[in-house]
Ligand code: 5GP
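Just the one chain here, laid out as structure tokens, in the form predicted alone.
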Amino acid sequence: MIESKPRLASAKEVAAELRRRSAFVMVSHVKPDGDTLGAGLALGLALKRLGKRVCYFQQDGVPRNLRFLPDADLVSRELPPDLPADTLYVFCDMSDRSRAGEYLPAVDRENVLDIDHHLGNALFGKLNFVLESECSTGSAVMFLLRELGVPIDDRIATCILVTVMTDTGGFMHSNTTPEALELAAELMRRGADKEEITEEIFLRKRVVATKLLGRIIDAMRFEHGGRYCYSYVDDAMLAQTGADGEDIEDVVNTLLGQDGVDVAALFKAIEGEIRVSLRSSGKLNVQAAARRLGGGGHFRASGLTCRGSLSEAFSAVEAALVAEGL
């Protein structure tokens, strides 16, 4: 049997598949953020209202600042042994299925729904609902919720608003379009608690996180006439401050915010691997630079994993950025 060529699906096609299936696993990517988790929780809550069976798979634990979300306590690395053979696995906010991690059991492509908004999505599902113009995967999920006709209550609205606020950087990034703001207003009218989201995700910081930020700032370096700022964090810094990987979120945006900086990179040499977060003010496509090294993401926000030493990672990323016009 010849496998059909991957293609994009319409909201109507996806909604029909969601109605047809009886059981679902909402899949978040490794190192989860507000978009992958919020999108999955929102759709999971909606499917439950339709009488469907829903589980949530995530290789890594739920970050501290997202544990307030409804159903977050049900997210697990373990899946029930009695899931039916036609269970639909819904991958949220992933350009390829490997982003789910190594603990997810093998899943036949016929049982995969890919929901995303990243550039360069691999279209790895039977159905691929990828809207590159949307500010978040959660805002793409909204199209499906409307097609399904599920009433959007305060719990679902809160999950979607988390995806919008986290992926727009609290409405500061360039993807804060009029449509994104209109969606946020609609969600607030439906009961989403913007104040709680702001407090939990953007305002509340641990003292150890602030200490770690100081170490990272001390290590900042500027190149290319001050247009490129980069720094790093490693296991030693975490041990010395008592911080952990969750305390690194959004630090790269602090680097980008330095006067005169067009591109920023944070190198995270933690637990035997080097993960790199890239951010751009808009003058350079960091998604293209990340892709040169096997990564991906968006024009202004991307990531990748480097092999070798930290100094080799510094050189490789700088070379990729230069190749894209730095």
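What you see is a predicted model, and the numbers here were worked out from it, not measured in a lab. Quick note: we count residues from 1 along the sequence shown, nothing fancier.
Not on display, but discussed next: the form predicted in complex with guanosine-5'-monophosphate.
A heavy atom within 4.5 Å of guanosine-5'-monophosphate in the predicted bound form is found for exactly one of Asp154, Asp96, Glu246, Glu147: Asp96.
Heavy atoms within 4.5 Å of guanosine-5'-monophosphate in the predicted bound form belong, among the stretches 257-265, 292-300, 52-60, 37-45, to residues of 292-300.
Heavy atoms of His118 reach within 4.5 Å of guanosine-5'-monophosphate in the predicted bound form, making it an interface residue. Shown alone here, Ala15 lies farther than 4.5 Å from guanosine-5'-monophosphate in the predicted bound form, counting heavy atoms only. In the predicted bound form, at least one heavy atom of Ser277 sits within 4.5 Å of a heavy atom of guanosine-5'-monophosphate. Taking the partner from the other structure, guanosine-5'-monophosphate in the predicted bound form has no heavy atom within 4.5 Å of any heavy atom of Val25.
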